[in-house]
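Okay, here we've got a single chain as structure tokens, the form predicted on its own, with questions on binding and movement later.
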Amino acid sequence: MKAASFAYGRPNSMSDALALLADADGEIRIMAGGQSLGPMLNLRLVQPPRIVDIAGLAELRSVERDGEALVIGACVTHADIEDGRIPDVTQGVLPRIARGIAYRAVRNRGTIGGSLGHADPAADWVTTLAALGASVQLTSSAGRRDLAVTEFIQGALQTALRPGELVTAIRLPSLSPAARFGYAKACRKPGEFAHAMAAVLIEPDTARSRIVIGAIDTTPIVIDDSSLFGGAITEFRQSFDRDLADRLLMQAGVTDPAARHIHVSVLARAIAEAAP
């Protein structure tokens, strides 16, 4: 099957792109790397009357420091991150996650902003950036606003994007050298979509922690208080409460016991990595 017919625009600048979005009459889809949108078009899961291709916009490939944070343009590719072509303020977390995304051909074209904008529950960046406390920069002809990733993702394939808005950058806070990060996911084979994933961030110097359970058909489960699992950060691994994790998954709509068992096991692996 091939995509239904659509009008195609490839703006030469951000201002042109925002003007196209502002003047859109009816549904419009943004294409960056096209690694998610392309298959959906070919399967006719989406049939937008117009597509705006932003892959050529240099403004969206920029990377800059903002104090202790890093601002990553939306069209920076997974391969750019994997290969170290951008600075890393996460003690190696970013390139590690990028290496585990799908296959190299996908990483060469897929973008970090496109992944967030698509909001697939099984996307590595959705879970990882939520755990790292990242925020998303949204721009329209009317101006700019910033949302935490946890606010931006509103469900499976659902975001807080308003008509005329575009994901333009991701702002990522620096991790201290003492911070520890654990990440795990379950796939039937390498490169396939994950059936369960979890990210755990522990910051001993600030006594903070965050757990994110992803790859569920709703917003990720975000837990900012490790005491919910029965102990202090220093006892995180030993105090992990599998029953509580199971109940949280049940409350999030994961009703299949086998699926919950996989999620809890993946979470236990992520915690063991972050709190050895």
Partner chain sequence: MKLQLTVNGTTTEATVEPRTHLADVLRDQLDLTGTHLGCEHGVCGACTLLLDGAPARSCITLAVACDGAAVTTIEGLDEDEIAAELRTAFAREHALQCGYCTPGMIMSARDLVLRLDRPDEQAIRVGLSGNLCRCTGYVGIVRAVRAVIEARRQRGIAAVVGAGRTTLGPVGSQPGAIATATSSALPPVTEMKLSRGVALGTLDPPTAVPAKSFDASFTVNAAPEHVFALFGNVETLAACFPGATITAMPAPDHIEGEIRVAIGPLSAVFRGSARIDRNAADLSGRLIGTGRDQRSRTSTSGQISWRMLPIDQGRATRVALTIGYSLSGPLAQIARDGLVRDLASRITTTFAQNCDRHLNGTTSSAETPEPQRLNALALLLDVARQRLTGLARRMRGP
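Positions refer to the first chain, counted from 1. Just so we're clear, the structure is a prediction, and the values are computed from it rather than from any experiment.
What comes next is about the form predicted in complex with its partner chain, which is not displayed.
S.K.: With a cut-off of 4.5 Å between heavy atoms, is Arg180 one of the residues that contacts its partner chain in the model of the complex?
M.R.: Contact check for Arg180: no, nothing within 4.5 Å of its partner chain in the model of the complex.
S.K.: Taking any heavy atom pair closer than or equal to 4.5 Å as contact, tell me whether Ala7 reaches its partner chain in the model of the complex.
M.R.: Within the cut-off, so yes.
S.K.: So in the model of the complex, is its partner chain close enough to Asp217 to count as touching (4.5 Å, heavy atoms)?
M.R.: It does: once its partner chain is placed as it appears in the model of the complex, Asp217 has a heavy atom within 4.5 Å of it.
S.K.: Do Cys75 and its partner chain come within 4.5 Å of each other in the model of the complex, heavy atoms counted?
M.R.: Result yes; Cys75 sits at the interface with its partner chain in the model of the complex.
S.K.: Of the options Ala105, Leu147, Ala186, Ala142, which one has a non-hydrogen atom that comes within 4.5 Å of its partner chain in the model of the complex?
M.R.: The residue from Ala105, Leu147, Ala186, Ala142 that makes the contact is Ala105.
S.K.: Partner absent here, but in the model of the complex, which of 107-115, 89-97, 126-134, 168-176 has residues with a heavy atom within 4.5 Å of its partner chain?
M.R.: In short, 107-115.
S.K.: For the heavy atom contacts within 4.5 Å of its partner chain in the model of the complex, list the residues of 127-157 involved, in sequence order.
M.R.: Heavy-atom contacts within 4.5 Å come from Gln154, Gly155, Ala156, Leu157.
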